[in-house]
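Coming up is one lone chain in structure tokens, specifically the form predicted on its own.
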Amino acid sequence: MRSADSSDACPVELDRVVKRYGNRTALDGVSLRVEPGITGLVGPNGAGKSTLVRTVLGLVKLAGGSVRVFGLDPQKAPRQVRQQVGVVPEDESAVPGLTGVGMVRYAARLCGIPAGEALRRAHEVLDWCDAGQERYRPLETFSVGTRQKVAFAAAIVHDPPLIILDEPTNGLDPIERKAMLGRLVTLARDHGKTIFLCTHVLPDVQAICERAIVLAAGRVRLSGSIEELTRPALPMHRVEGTGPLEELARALSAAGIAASLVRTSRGPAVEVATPADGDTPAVLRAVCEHARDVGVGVRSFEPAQRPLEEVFIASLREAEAAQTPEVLHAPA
């Protein structure tokens, strides 16, 4: 698999895009950039994520604004744009009657790849996706996980520099989900691909994405790096380890260091306030001393992050508040 061509053009750029379906506005002045690497687009159902994907592909007519994919307008140059994009749609896209390898080969042929090379590439990407011998069975007999493997292989068989995935982990078990996310990281890190991950599964975004965009009611509510979006309001560090962490939190608090026990996805931890002067080494020394005294084995000491779910919910509440009309009361 070749690396993506280097280009000065931004992979995806939307400028004040408006899309309406009748009286309903699906995208309301959306401006965003998808930079090289992995970007997550998150939002509740009906936020406009799928419409945004179709907009990038030039599949919908806009009421306003502009879209550029590697500097190209999808409305004016749809063929050139689609040659540079691989898409894993949310909806079923398989052709009944084809085998798995037949489906991926067919996708390669649609991209203009000669028949022999299309078959070779189909097997190559299915091997990489760990499809196994199931590739020779009809698509309609596949499990959800195998269908996703085939859809993903069909999206990347022509080696596109931009890969867009709409809810790619829906229906996957934990092992298949982890494998899918790992492949995306490999494509971005080792092959220079730009990954645009549209999902409502926030742990997936926090696990692999470098940047995130929050879309709600057709508008961009937040945009930035995961580090920026999840940074706590006050400087904090998180201590993970083994032993009586609650006692460590009490000992640090008694010594005048603000500390509290928190629950994380990896288990309990202690969050410690970092001084405004940034003297983190002094805090680390204090943590190590008190940890030794109470019998805690420190495993890690790193900057704390807010859960992306917390950031997401806060942005949705702000969006709802902005949409709620102010109630005016007449004077008594």
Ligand code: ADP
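It should be emphasised that the depicted structure is a prediction, and the values quoted were computed from it without experimental measurement. We number the residues from 1 along the sequence you see.
One more form of this protein exists, namely the form predicted together with the named molecule; it is left out here, but the text below deals with it.
Residue stretch of 279 to 287, 295 to 303, 39 to 47, 64 to 72 approaching the named molecule in the predicted bound form, non-hydrogen atom distance within 4.5 Å:
In the other structure, the partner sits against 39 to 47.
Just give me the single entry in 291, 26, 34, 269 that has a non-hydrogen atom within 4.5 angstroms of the named molecule in the predicted bound form.
So the residue touching the named molecule in the predicted bound form, by this definition, is 26.
Would residue 274 show up as a contact with the named molecule in the predicted bound form if we use heavy atoms at 4.5 Å?
No.
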